[in-house]
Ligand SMILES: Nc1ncnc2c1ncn2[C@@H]1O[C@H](COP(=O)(O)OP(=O)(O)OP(=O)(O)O)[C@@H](O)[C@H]1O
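Before any questions on binding or motion, here is one chain by itself as structure tokens, the form predicted on its own.
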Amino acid sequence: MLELKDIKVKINETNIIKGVNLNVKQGELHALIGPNGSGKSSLANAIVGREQYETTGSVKLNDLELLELDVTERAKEGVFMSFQSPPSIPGITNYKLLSQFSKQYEKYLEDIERLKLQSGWAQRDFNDGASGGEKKKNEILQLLHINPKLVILDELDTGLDVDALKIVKELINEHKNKFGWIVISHNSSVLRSLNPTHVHILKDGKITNTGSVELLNNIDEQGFSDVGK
């Protein structure tokens, strides 16, 4: 479904991603892990089309070249990304925004309850006054109703306590077969709990090692310096 070929990314003339190839199919969950500053979030932002990321190579979703589309057009084609720090939008309620994509209000309320978001969440302004954990849950809520093709989750566990993270992981595992997934995290235990089909180590802008979930165990034991050679 997603095919990256020789992706290179610059920000302000600085080379961040230095040639990445990656294929993600529906039902596959690709865990992307690596040291701070290795380019994980930059790669994700290049896929979704953030303007400041100068990207060359090829990014195809179901044979459609995404590099020819802006960020809005890529979203309409089915690219969804959860951000480390989701924005707030005062004046537009949570459900008003989501209703542009889904009219399943009763299901929306059920999912709010399952995610243990506050009563009246649907009518609150979008993320306004919300905690980091609530914002993260709200993005998972959007994901369940927007029904994208490709899901990119950047630092999934940011802002979530243990109980909230458990709920989010359960929902991801339930819906894993519906989408193609790229999940970015520094936390190997979080990635392990999602039963990834593929694990990739990104170091210095390149994928240096690819394997199964066993690769996460090796990282825990040896660190990135030895595993990602």
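Predicted model only: the values in this text are computed from it and were never measured. From 1 onward, residues are counted along the sequence shown.
What comes next is about the form predicted in complex with the ligand, which is not displayed.
Of the listed positions (K169, K176, H186, K60), a single one reaches within 4.5 angstroms of the ligand by any non-hydrogen atom in the predicted bound form, namely H186. This chain is displayed alone, yet in the predicted bound form one of G39, G49, G180, P196 has a heavy atom within 4.5 Å of the ligand; that residue is G39. Highlighted residues N12, I16 and Q84: every one comes within 4.5 Å of the ligand in the predicted bound form, counting any heavy atom. Contact check for E155: a non-hydrogen atom falls within 4.5 Å of the ligand in the predicted bound form. Only one listed stretch (187-195, 161-169, 22-30, 51-59) carries heavy atoms within 4.5 Å of the ligand in the predicted bound form, and that stretch is 51-59.
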